[in-house]
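Read the single chain below, which is given as structure tokens and is the form predicted on its own.
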């Protein structure tokens, strides 16, 4: 069976194109949890942020930080509103926090609570992330409708209220 040069080149081209595309088809990469543009997070760092959010405001009978998406709020605010220097400080603090937290010390978070925010990069990260989580949780729809219902200023008008003499 004779094969022409044109047919052989076509087959080599198709095989090489298939081999070039194959790794992208086989790569099982899940989409990132946080949609951030300015902070480059890998999957381990995302997992650390998610588990820390669950520890700071855990779920249960009432929704936690993950259920009301306070963790996504915190990362969006960090990505969009903080200057580049603070974002880099946050990222280095996250890496330092991650190294210490993976050691499995149960008292590590208590130590973080007791330290000042500027004591170390890990402490700075922890306090910043915790503050953003709390801000996101207290601004969530669940919190403002079920826990602490919001009333417009000046509030309710009670026209006929008895006044007691002092």
Partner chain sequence: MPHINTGDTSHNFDAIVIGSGISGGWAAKEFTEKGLKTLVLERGRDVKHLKDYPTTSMMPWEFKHRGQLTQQQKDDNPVVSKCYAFKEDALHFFVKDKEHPYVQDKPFDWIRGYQVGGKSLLWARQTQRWSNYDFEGPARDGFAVDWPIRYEDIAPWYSYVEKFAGISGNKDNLPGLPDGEFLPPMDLTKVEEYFKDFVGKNYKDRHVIYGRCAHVTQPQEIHKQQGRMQCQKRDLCQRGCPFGGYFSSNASTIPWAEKTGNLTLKPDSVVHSIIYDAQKGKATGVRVIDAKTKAATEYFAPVIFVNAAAINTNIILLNSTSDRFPNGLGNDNGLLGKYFAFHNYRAVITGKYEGLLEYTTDGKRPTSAYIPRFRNLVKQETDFLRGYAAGFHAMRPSYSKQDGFGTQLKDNLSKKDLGPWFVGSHMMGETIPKEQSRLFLDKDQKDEWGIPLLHTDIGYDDNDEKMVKDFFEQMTEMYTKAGFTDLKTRDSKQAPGLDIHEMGGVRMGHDPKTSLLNKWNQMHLVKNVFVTDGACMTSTSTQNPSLTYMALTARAVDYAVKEMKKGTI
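Everything quoted here is computed from the prediction, not taken from an experiment. Positions refer to the first chain, counted from 1. The term rigid core refers to the maximal set of C-alpha atoms that superpose within 1.5 Å between the two forms.
The discussion below concerns the form predicted in complex with its partner chain, not included here.
Quiz item: Is the gap between residue 63 and its partner chain in the model of the complex 4.5 Å or less for some heavy atom pair?
Solution: Yes - in the model of the complex, heavy atoms of residue 63 and its partner chain come within 4.5 Å of each other.
Exercise. Consider residue 88 of the chain shown here, and say whether it contacts its partner chain in the model of the complex, taking contact as heavy atoms within 4.5 Å.
Key: It does not: once its partner chain is placed as it appears in the model of the complex, residue 88 has no heavy atom within 4.5 Å of it.
Exercise. Evaluate residue 36 for contact with its partner chain in the model of the complex, applying a 4.5 angstroms cut-off between non-hydrogen atoms, and reply yes or no.
Key: Although its partner chain is absent here, residue 36 would stay clear of it in the model of the complex, with no heavy atoms inside 4.5 Å.
Quiz prompt | Close approach of residue 95 to its partner chain in the model of the complex, 4.5 Å, heavy atom | solution = No - in the model of the complex, heavy atoms of residue 95 and its partner chain never come within 4.5 Å of each other.
Quiz item: Which residue among 115, 138, 128, 48 has a heavy atom within 4.5 angstroms of its partner chain in the model of the complex?
Solution: Contact residue from the list: 138.
Quiz item: Within 44-66, which residues have a heavy atom closer than or equal to 4.5 Å from its partner chain in the model of the complex?
Solution: 55, 56, 57, 58, 59, 60, 62, 63, 64 sit within 4.5 Å of the partner.
Self-check item: Rigid core superposition, residue 62 Cα moves 2 angstroms or more between the shown form and the other one
Solution: No, the C-alpha position differs by under 2 Å between the shown form and the other one.
Quiz item: Does the C-alpha of residue 118 move 2 Å or more between the shown form and the other one once the rigid core is lined up?
Solution: No, residue 118 moves less than 2 Å.
Practice problem: Spell out whether the Cα of residue 99 moves at least 2 Å between the shown form and the other one when the two forms are superposed on their rigid core. | Solution: No, its C-alpha moves less than 2 Å.
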